[in-house]
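So this first bit is one chain, no partners, the form predicted alone, shown in structure tokens.
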Amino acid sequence: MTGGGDAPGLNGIIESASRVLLNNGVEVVGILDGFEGVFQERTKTITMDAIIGIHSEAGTFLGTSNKSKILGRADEFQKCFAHLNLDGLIAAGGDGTFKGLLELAPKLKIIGVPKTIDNDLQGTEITFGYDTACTVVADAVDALRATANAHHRVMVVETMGRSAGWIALGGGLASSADAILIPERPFSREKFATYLTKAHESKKPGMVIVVSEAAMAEGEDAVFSENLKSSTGIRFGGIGERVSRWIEENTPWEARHVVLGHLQRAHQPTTTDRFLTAGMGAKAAELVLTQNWNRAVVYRDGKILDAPLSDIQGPPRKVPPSHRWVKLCESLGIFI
């Protein structure tokens, strides 16, 4: 089952786990559209012919959903899952997926594969889909630098990431953006204006700034696109436009903003994410074959390992303010 928002690499998990299990004589069944597939008892048998090669595709072969209202439906979930006549479940999802599963079915035999492009889950150093999201950001910055220079303006690129700045930091650093704004390091408007003004006075042809969707100035709150809570928490958005407008009002620069949005999810997985999902899917299958249930597949110290499912629970994993990438940005002269 794949749950929550889609991420590049989901199909890689499905393919690699299924191939290992099928090669060992295990019947593999896919649950369609996340939790909704359990409640509606919608599945399909996975065959080798159906999944060979899907690792290179974006999206998910099984479909997903983050809209199911699962609170208070534990008994219904247990009953529906029992009707599927399955021995256990491999679930690729984020914090919401595993929290929901543990609440609905604490006795369910499960293997968890943590997934989010935001790279903010506890217990693992990297999540699949993150490298692809950073690649989309870096490619966008590289492309927008040409139009920024042509028009002598600042281009502000807003990224996803929820309350963590990993995507903005990774994508911005990879593309040598002129400034990277992340929520873990609220920026000084005065220092930022001085930095931009000096760049303009030095006749810099243009600039590209990467801003995480939950970034904020010192003493201010993050910007919300809607005054509501989604299934994955508060929905951020709008900071790119506000920063762009503020730059025009407080510096000599003309500015425009671009919101990358779901483009960061929709890209075919990079080679790095394909390697990662091949190994993580195979590890999940190994745990099934050895009946080592209620474990999570994680990446630590350069290795794919298994850990207690509880390890990937908890608050979002934030960028440490003095992270080595932050220090590298400072050494390179990138405002952060």
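Predicted model only: the values in this text are computed from it and were never measured. One rule holds for the numbers: they count along the sequence shown, beginning at 1.
Absent from the display: the form predicted in complex with a small molecule. The rest refers to it.
- Only one of 73 to 81, 185 to 193, 159 to 167, 239 to 247 places residue heavy atoms within 4.5 angstroms of the small molecule in the predicted bound form, namely 159 to 167.
- A heavy atom within 4.5 Å of the small molecule in the predicted bound form is found for one listed residue only; from Arg145, Arg265, Arg153, His257, this is Arg265.
- Contact check for Thr127: no non-hydrogen atom falls within 4.5 Å of the small molecule in the predicted bound form.
- The closest non-hydrogen atom of Asp131 lies beyond 4.5 Å of the small molecule in the predicted bound form.
- Of the heavy atoms in Thr116, some are within 4.5 Å of the small molecule in the predicted bound form.
- A residue is said to contact a partner when one of its heavy atoms sits within 4.5 Å of a partner heavy atom; Asn66 meets this definition for the small molecule in the predicted bound form.
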